[in-house]
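Next up: a single chain in structure tokens, the form predicted alone.
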Amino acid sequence: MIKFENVTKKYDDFTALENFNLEIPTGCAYGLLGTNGAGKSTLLRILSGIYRTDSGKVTIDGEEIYDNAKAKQRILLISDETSQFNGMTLLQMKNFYKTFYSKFSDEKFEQLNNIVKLPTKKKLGGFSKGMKRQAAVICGISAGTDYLFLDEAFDGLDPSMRSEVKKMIIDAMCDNDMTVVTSSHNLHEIEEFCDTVGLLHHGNMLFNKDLGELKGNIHKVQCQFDKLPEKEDFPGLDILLIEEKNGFTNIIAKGSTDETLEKIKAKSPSVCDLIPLSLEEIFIYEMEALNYDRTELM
């Protein structure tokens, strides 16, 4: 388990994380959302033992990571910056990883590169951004770590290769019970890949929920009433929004599906249909309920 306890990290007068708390269970695919400057990269670099916290404690399975070589054998960060490998070929990059990770699998490396088909003797400086990402991912998975951290790892990949790389990571999670934490500013990418999501803003976690639970706990019901209802007309129902649109009344409510429909149908609407919500819509309603402007967050 990953655990942040009252963590603060500052850069001069800028606070990247402030009294930050978070727990990520083992085996989870965790999506970390937020705008540039929200603190995502700082969080991942602290998790990787690159940065020391100013205060607070970060542990993985009970062990602190900073200045702990043994613990670092179990974790790997794929950064959003890969220029440090520009002077290496893919084979040299592989051998570089092998010097740090005793569980590195040449067999897994060959298997993954047979999928992406990267040239092994060409320097990475001549690779496209997407090819560099692929190189980092196949080396990262081949390292055989228990924890894999990805900082905007899918950025620069075309749709087909993004899908292939995600499949590689998901397969590695299933095979090795690996925990993955990936940062992104792309909500759709997180929805496709992760089972839990957190929203980071100005160094604080605004939102941290299981996606299945989140999707099952907020509903949009499209109705027709003779008169536009108000929230007070539905006692006991946690209503986020009632709006009239295109001749229909849309009710956004939190709670169980059955209870939501039961309480709305009790008011005898002529139409009452449950409408699926996208994750983006759910985030919008959740953030508006917390009085946040979503344009500042995503």
Partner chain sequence: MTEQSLCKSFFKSYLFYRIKQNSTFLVLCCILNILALPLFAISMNSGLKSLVTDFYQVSKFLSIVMIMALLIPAVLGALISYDFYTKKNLSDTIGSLPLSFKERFWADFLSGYITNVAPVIPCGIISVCILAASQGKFKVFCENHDAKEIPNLAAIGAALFFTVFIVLTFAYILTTVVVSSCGKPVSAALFTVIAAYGLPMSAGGIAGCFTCAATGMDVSSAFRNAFAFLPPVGLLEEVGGVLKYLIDLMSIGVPEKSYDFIVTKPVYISAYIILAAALIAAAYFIGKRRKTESTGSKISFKPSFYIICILSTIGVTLTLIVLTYHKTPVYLLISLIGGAVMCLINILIYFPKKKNILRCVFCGAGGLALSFAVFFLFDKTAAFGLRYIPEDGSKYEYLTADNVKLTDKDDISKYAKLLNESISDLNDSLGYNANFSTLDLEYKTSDGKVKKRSYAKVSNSDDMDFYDFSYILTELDSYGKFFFENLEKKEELNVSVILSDISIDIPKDKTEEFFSTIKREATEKYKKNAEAYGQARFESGGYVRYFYIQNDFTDTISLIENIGNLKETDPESTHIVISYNNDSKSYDSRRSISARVPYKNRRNENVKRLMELLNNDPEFKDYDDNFRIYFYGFSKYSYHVPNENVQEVIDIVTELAIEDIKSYDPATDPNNINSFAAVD
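Residue numbers count along the first chain shown, from 1. These figures come from a predicted structure and were not determined experimentally.
What comes next is about the form predicted in complex with its partner chain, which is not displayed.
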So, Thr99 and its partner chain: in the model of the complex, are they within 4.5 Å at any heavy atom pair? yes
Can you check whether Lys209 is within 4.5 Å of its partner chain in the model of the complex, heavy atom basis? no
Test of understanding: in the model of the complex, would Lys70 fall inside 4.5 Å of its partner chain by heavy atoms? yes
Would Tyr51 count as a contact of its partner chain in the model of the complex, using a 4.5 angstroms cut-off between non-hydrogen atoms? yes
Consider the chain as shown here, without its partner, and state which of Gln111, Ser83, Ser128, Asn186 has a heavy atom within 4.5 Å of its partner chain in the model of the complex. Ser83
Taking the partner as it appears in the model of the complex, which of 72-80, 135-143, 119-127, 195-203 has residues with heavy atoms within 4.5 Å of its partner chain? 72-80
Looking in the model of the complex, the residues of 1-34 with a heavy atom no more than 4.5 Å from its partner chain, listed in order, are Lys9, Lys10, Tyr11, Asp12, Asp13
